[in-house]
Structure formats: C-alpha cells, structure tokens
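The chain below stands alone and is given in structure tokens; this is the form predicted on its own.
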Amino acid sequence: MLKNEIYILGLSAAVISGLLLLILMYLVIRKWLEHRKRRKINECIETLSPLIFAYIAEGETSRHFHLDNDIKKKAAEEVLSKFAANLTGEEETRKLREFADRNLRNYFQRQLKSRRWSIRMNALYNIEDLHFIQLQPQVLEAAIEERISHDERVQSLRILAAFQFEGITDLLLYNSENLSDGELRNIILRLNENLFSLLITDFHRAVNQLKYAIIDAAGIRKELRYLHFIESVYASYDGETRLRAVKALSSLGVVKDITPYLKLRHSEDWKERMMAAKLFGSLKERKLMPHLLDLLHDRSWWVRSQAGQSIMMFPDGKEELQIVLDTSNDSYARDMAWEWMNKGEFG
C-alpha cells in the first residue's frame, strides 16, 4: 500500500516537472522568436529609413521597395510613424500619406481585424498619426461595432473627429452612453466649427455626459459666438449642467449682463458659490469686488480659496487682501488672504 502511494506521488511529481519543463521551453522559444523578429524589423528599419525619406523629401521611388512580408511592413509602419511625428511640411506630409496608402492599406486593414486587442489598438493609433483617411470606412466600422472594447471605441471616435467625418454628431448622440465627459470633450475639441455647431443645435437631445463635454468645449474654444448658447444653457438648466455653463463663461471672461449670476453667491450649494467667485474674477469688474470679499468669508474652504484667487486677478487685488488681513475678524478669511497674497500675482 505504502509502495503504491510512493509510486503515485513520484509519478505525479514527474508529470508536474515535465509540464513545468515544457512551459519553460515554450517561454524560452517564444522569447527567442520575438527577439529574432525584433532584430529583423530593426534591420529592415535601417534599410528602409533612407529610402522612405528620399521618397518623401525628393519623390524618388527606389526599386528596393518591396514590402512583401509583414516584417518589412512592420518596419515601414514604424518608420512612417516616426516621420509623421516630426514632419510638418504640407507636401512632405502628403507624400508620407500617399506612401502609406500605396503600401500599407491592406496591412492596416488586416490589423484592424486582428484577434489581438494590442494589434488593433496599435493600428488605430497609427491610422491617427498618419491621418490615414482612406481607412475611414474601417474606422467607422470599428466605432459602431458592439463587441469593441471601450478604448477602441474612444480611439475610433477620436480618429473620425480628426477626419471631420460628417456623421460624427449622430455617432456621439447615439453611441456615447458609456464615455466619460473628459473622453467626449477630447473628441469634440477636434471638430471643426461646422460640426461643433451641429452638436450645439442637437444639445437638448444629448445625454448628460455629452452635454457637459459640449459646454466645456464651448468654453475652451473661447469664442464669443458661443456666448448666447452658454448663457441659454445657464438660464434653462440646473445642477451640474448649469455649473458647467458658469465655468464656461469664466473661460470666456464675458457675460451680457451680470445680474442673473449675482444670485449664485447666495446659493446653498457651495459649488455654485465657488463658481460665482470664479466668474466674478474672470470678469474683473470693480463693482464685483464687494461680492468677492464677502465670498472670502464663506463657510466653505473651496469658496474662500476661489474668492482669494479671483481677488488677486484684479490690479489692486493684493491691496484688497491686505485690508482683509489687517481688519477682518474672521481668522479663516485672514488665513486665506495671507495665503493668496503669498502665492503671487494672477490675471
């Protein structure tokens, strides 16, 4: 009985050791193959770089251009990506894209269909870097694919926005439920004026995250043509949407009439009082200084801090804070005044 148990244990140990040895051999061989492939790609890069550069710079087509296997195509992809990151000339960029379309279109199409996520993502980044607009149909196909990963959907939409794809507004309205407002903002900021105006027209149909992104983008663009839109959002919405509108107005630094915004300083929501302080600071109207001094005595640290920063944006802001430091009975307000006086000038 004991002999049988020892025999079974020995056999099990031998099987496990054999399996571990096989796994080790697999990993070693796989690493060796990867190193060998990388070495071949690097050798191809050394050969292709001057040839591709000559084509882009002087239009010379070499008879040595034969991208007849994936090693050479991978090398060409890396060379083009490197050039795309550094070239700024319109003619050179056109030739680079022409080369990519002529030699790598089918290669990228296959990569977009790969079963490996990393290869698909890498293809999307390269399509963006090379502005490979000929592959827009395949990128659109990826963007609306239901089983696509979150990162692939975001990157596909970023590319379509950069390509100024006319259907991008509908895609954002109906295919952006799970995207954050930051991701959407990054996509929207790539749109030209016409497409961005279409999004503003359909603002009321957007989900909240997209609404936030549209308002943020309008503020970041800092163009007065969006003032009416942002003020209408402030007048029609509440909560986070209204807060984003005030933030966007702060970025613009202008409002048609300050009256509707004065009530924010008495809001029960500290975030609205803080945004009021931010807006008053961006407007830099002398009549708003008393309100900012009141907000410097607010019960919320965040409101006091924003009020201190906004006061420092006025030409005589430091003197106003000095008066608070010398005369106020509120130790929190005095601390905040001292803090901002010692942070330096703003505005």
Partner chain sequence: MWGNILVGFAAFIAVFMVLVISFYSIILLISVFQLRKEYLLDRNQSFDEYMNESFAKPVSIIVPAYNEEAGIVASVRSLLSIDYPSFEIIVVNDGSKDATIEKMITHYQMKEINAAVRKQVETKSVKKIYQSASLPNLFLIDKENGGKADALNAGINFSHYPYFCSLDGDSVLERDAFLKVMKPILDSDGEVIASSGSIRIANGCEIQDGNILKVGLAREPLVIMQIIEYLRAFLMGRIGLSRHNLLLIVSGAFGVFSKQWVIEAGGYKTNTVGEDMELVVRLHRLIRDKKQKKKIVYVPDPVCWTEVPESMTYLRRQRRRWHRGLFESLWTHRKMTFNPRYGPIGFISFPYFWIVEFLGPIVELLGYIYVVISLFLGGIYLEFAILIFLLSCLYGSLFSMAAVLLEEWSLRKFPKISDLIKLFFYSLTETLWYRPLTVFWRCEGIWQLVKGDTSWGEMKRKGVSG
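For clarity, a rigid core is taken as the largest C-alpha set superposing within 1.5 Å between two forms. This one's a predicted model, so the numbers in the text were calculated from it and none came from an experiment. Residue numbers count along the first chain shown, from 1.
Same protein, other form: the form predicted in complex with its partner chain, not shown, and the subject of what follows.
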item	value
Proximity to its partner chain in the predicted bound form (heavy atom, within 4.5 Å), stretch among 90-98, 184-192, 137-145, 252-260	184-192
Contact of residue 174 with its partner chain in the predicted bound form (heavy atom, 4.5 Å)	no
4.5 Å heavy atom contact, residue 54 to its partner chain in the predicted bound form	no
Any non-hydrogen atom of residue 121 within 4.5 angstroms of its partner chain in the predicted bound form	yes
Contact of residue 222 with its partner chain in the predicted bound form (heavy atom, 4.5 Å)	no
One residue of 58, 43, 319, 34 in contact with its partner chain, assessed in the predicted bound form (non-hydrogen atom, 4.5 angstroms)	34
Interface residues of 110-129 toward its partner chain, as seen in the predicted bound form [heavy atoms, 4.5 Å]	116, 117, 118, 121, 122, 125, 126, 129
Core-superposed comparison between this form and the one not shown, residue 25 Cα displacement 2 Å or beyond	no
